[in-house]
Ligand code: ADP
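Listed next as structure tokens is one chain, alone, in the form predicted alone.
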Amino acid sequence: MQKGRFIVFEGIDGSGKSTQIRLLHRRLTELGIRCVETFEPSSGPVGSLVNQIMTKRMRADERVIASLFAADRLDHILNEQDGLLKTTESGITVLSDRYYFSSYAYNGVSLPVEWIIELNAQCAELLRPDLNIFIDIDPEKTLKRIENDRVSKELYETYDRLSKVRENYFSAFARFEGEENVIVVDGDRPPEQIADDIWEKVKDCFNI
């Protein structure tokens, strides 16, 4: 049986990751490719704690959040349903919201990158994405989306923080250039156009 693929969508909050995961899922399913969608934080105990912190129901500093993100990824890989690793090995393609580069981006403001790499290493050894898709969009536009559509904003959702998160993503991409398969798509367009662009890139990567 051919191994399923692990495709991760990255981007600052409000960039439309969930919409693009849904649209790609539909296209892959129409071709007979089995898919599942999964979103962070996971539904396990660690993910629930991450969710409480990010929605300000519990206070924590960035070091605690970084540790929890790494723990949540490991929990996600091993425990959600039959685990993401087992899911891909069974031939199912996993489409994931924010997984591999997010801790470099969210916590790069005040934490040593080497420390973040060490935290993520055990996750990368278990399950490394086949493709990272970064939806690049102007932070001011995403902030307007968040303010219009959300009841509660997460810890980092200010214009300055969203801008810094975007910078940190690109810093991480540059650091791991040649080691990771990262595709950047223009997110400042209608969702259908973005989906078409993503589809062409996915087809090229996986010879669909």
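Numbers follow the displayed sequence, beginning with 1. This structure is a prediction, so every number in the text was calculated from the model and none was measured.
Form predicted together with the named molecule: not shown, discussed below.
- Interface residue remark: residue 138 is not counted as part of the site for the named molecule in the model of the complex, having no heavy atom within 4.5 Å.
- Interface membership of residue 145, defined by any non-hydrogen atom within 4.5 Å of the named molecule in the model of the complex, is confirmed.
- Although the partner is absent here, residue 97 is a contact residue: one of its heavy atoms lies within 4.5 angstroms of the named molecule in the model of the complex.
- Although the partner is absent here, residue 189 is a contact residue: one of its heavy atoms lies within 4.5 angstroms of the named molecule in the model of the complex.
- Taking the partner from elsewhere, every residue among 13, 16 and 19 has a non-hydrogen atom within 4.5 angstroms of the named molecule in the model of the complex.
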